[in-house]
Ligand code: ATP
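Only one chain is given next, in structure tokens, and it is the form predicted on its own.
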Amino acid sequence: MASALGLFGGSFDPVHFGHLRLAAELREAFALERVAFLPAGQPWQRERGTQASGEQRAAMLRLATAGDPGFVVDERELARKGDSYTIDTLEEVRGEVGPDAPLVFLLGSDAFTKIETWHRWESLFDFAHFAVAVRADDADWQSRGPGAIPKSLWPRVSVNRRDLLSVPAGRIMTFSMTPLAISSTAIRDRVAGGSTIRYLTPDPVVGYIQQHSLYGTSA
């Protein structure tokens, strides 16, 4: 079996320690060779655009992940014209890594509960596994249990990492994430309000935000 690869999509506007910790836990939990951060281009379900440009968000990701050989930044969605769909990314990556390498797509439990609204959602599992990160404070997921996952997907749920990594795609597995109360929205608000964001995101990212006057007047 070829080495397993992780895919982590998001706006990353900006990237912060919560993103990095989650990616590290994903890599460890599923014994992944590396995790590719995929900054979003034009997410079709998002009502408002990002504040930082695609180039700036990718630059901040490169600064944040520099020095960790287990992390890479994949800018394919930024280069794509028009709306950006996860299915297109998974098809492209699968074509590049071949039919045998396990692909593990990371997303939060809040996003996964809306999976049925995604473009060609039933085809997603032909190309990758889905690792669902469940926050300790996600009361809705905790209370609904299996009901949080669409019933049609129940046969895909696995509790065995070895089972997931034995095939290239098609499984769903949840894992608990370390609770870090950090969000990109809060970081942007703090910058706009003139408060420090040190220790919320890596220092090189703080410096980049200051240099480019992103999100407000001071980082």
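As the structure is a computational prediction, the values presented were derived from the model and not from experiment. Numbers for residues come from their place in the sequence shown, where the first is 1.
Keep in mind that the form predicted together with this ligand is missing from the display, and what follows is about it.
*Taking the partner as it appears in the predicted complex, which of 184-192, 27-35, 58-66, 158-166 has residues with heavy atoms within 4.5 Å of this ligand?*
In the other structure, the partner sits against 184-192.
_Please determine whether L200 contacts this ligand in the predicted complex, using a 4.5 Å cut-off between heavy atoms._
L200: no contact with this ligand in the predicted complex.
_With the partner left out here, check for me: in the predicted complex, does some heavy atom of L153 sit within 4.5 Å of this ligand?_
Judged by the heavy-atom cut-off of 4.5 Å, L153 is well away from this ligand in the predicted complex.
*asked:* So, I115 and this ligand: in the predicted complex, are they within 4.5 Å at any heavy atom pair?
replied: Flag for I115 set to no.
*asked:* Is it the case that V97, even though its partner is missing from this view, gets within 4.5 Å of this ligand in the predicted complex, heavy atoms only?
replied: Answer no; every heavy atom of V97 is more than 4.5 Å from this ligand in the predicted complex.
*Please pick, from A111, I87, A101, V72, the one residue with any non-hydrogen atom lying within 4.5 angstroms of this ligand in the predicted complex.*
By the 4.5 Å criterion, the partner-contacting residue is A111.
*in the predicted complex, which residues of 15-36 put a heavy atom within 4.5 Å of this ligand?*
In sequence order, H16, G18, H19, L22 come within 4.5 Å of the partner.
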